[in-house]
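The chain below stands alone and is given in structure tokens; this is the form predicted on its own.
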Amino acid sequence: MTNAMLAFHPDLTASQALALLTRGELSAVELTQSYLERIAEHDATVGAFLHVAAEAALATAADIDSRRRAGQSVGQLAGLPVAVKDVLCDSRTRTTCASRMLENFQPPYDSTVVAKLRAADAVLIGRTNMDEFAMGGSTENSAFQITRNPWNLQCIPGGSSGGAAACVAAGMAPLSIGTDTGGSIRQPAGLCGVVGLKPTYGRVSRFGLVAFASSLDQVGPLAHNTSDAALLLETIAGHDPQDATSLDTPVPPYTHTIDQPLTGLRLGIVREHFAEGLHPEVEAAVRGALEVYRSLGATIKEISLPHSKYAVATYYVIAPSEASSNLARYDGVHYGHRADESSLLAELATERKQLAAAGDQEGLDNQDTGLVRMYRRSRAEGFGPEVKRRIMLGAYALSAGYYDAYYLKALKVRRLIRQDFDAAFAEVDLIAGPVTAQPAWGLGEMAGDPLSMYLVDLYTVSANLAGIPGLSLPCGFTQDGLPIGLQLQAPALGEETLLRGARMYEQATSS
């Protein structure tokens, strides 16, 4: 294995490993230990994990083995290691959101997703790296480390769930949990060659998810294949009375129906998604995938989403506005990073002396109080550049005189985007297209160009704005060996159709 390429894949899928565990041919401790060894061997170069819970994971695995041997009932994921993006509260470990602001934050409770994983007897193996507060598309915005793409260590893994995608791609966990606000599960899944699913808004509880943009955030699975993604989604989905946006609808048996092909499948391709700027190798791979569907009996129909050209602009008004509101709570008082007060008071006293000596009474009258200065310094020290940028964008869009021109108008365009999808799904069952316009780019390549980074979300943000589910699955490689992802989208609560449609392609192309 070279430094330029780390393409390690475990021999077993999560579903196969679970079958071996159930039959007693493999112990949970053995399986967990094997993944811990892979992490020890590879994560120093990949950087997928912020925290590895080796001792706790082995203790959980041993308890599951003991209960299995005693003939006691165990959960749906009993013995399977699962990595969790470090944005979901876990009462047993720190939840940092990859930010200095929450570097030492210990949640007093579990998020619903973490609680469901524990109830299913999953082995929570570690916390994965991410863009700070989930704001970014490359996992270069983490306050603690950079995550690299396992297929090429000089490239980004995507973001913001880059660690969650990279740890699965590198064989360091069979399953992982990510979050998707504008493509943050699907985009890194596509760039890392794994399956990632963003469910319908409200399908999975957001209780205990540290909020970025509350009307857009959704929790979902990343896995090696669609069957494993279905298994994990089935575990974490469902109504939660602790989340006011949670949908009170039954969870279909995804794992039982996923292998049933869709007869008479009507697949839509969006005219606007095959325009200037699409990388030729990405376009060729996606069109090749469409031909596979055609050979399976699907009807391919060109459709239009006329307001999709406004999706990125709409998203980057709504998401920063909600982020500005959500992140206002981090003031250095209740919790989170707090600036050193002794240095602030000393600085304040020095300034007062200088202003008094200069006879500047106006300056003395207008000088910040120690409390105000503490707020400002705490936030300046605790947040990174991208988070600050989005807070400022959001605060501007929500400010007096601009609310109607920006935020209110964006909400109206959001409604039009949803109506475009409603009209499209009256004609087709699923929409297919690229996940990103290009394969993974080099580390630092877009670091100084936030606008180009935002445009990477061109094909993914619409699903979040419309609240519909989307899935990324591998559909090929570039000549340089970088993965290419195919995106499928379905109507709201159409995860079952989405998974079955993705599984059709997966089965037809598996060697």
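In this text the structure is predicted, and so the values were computed from the model without any measurement. Don't overthink the numbering: it's just position in the shown sequence, from 1.
What comes next is about the form predicted together with a small molecule, which does not appear here.
- None of 356-364, 162-170, 312-320, 409-417 except one has non-hydrogen atoms within 4.5 angstroms of the small molecule in the model of the complex; the exception is 312-320.
- When the small molecule is considered in the model of the complex, Asp457 lines it closely, a heavy atom lying within 4.5 Å.
- Using a 4.5 angstroms limit between non-hydrogen atoms, Ser184 touches the small molecule in the model of the complex.
- At a distance threshold of 4.5 angstroms between non-hydrogen atoms, Arg206 is out of contact with the small molecule in the model of the complex.
- Using a 4.5 angstroms threshold between heavy atoms, Ala134 counts as touching the small molecule in the model of the complex.
- Contact with the small molecule in the model of the complex, defined as a heavy atom within 4.5 Å, holds for exactly one of Lys116, Arg148, Arg377, Arg390, namely Arg390.
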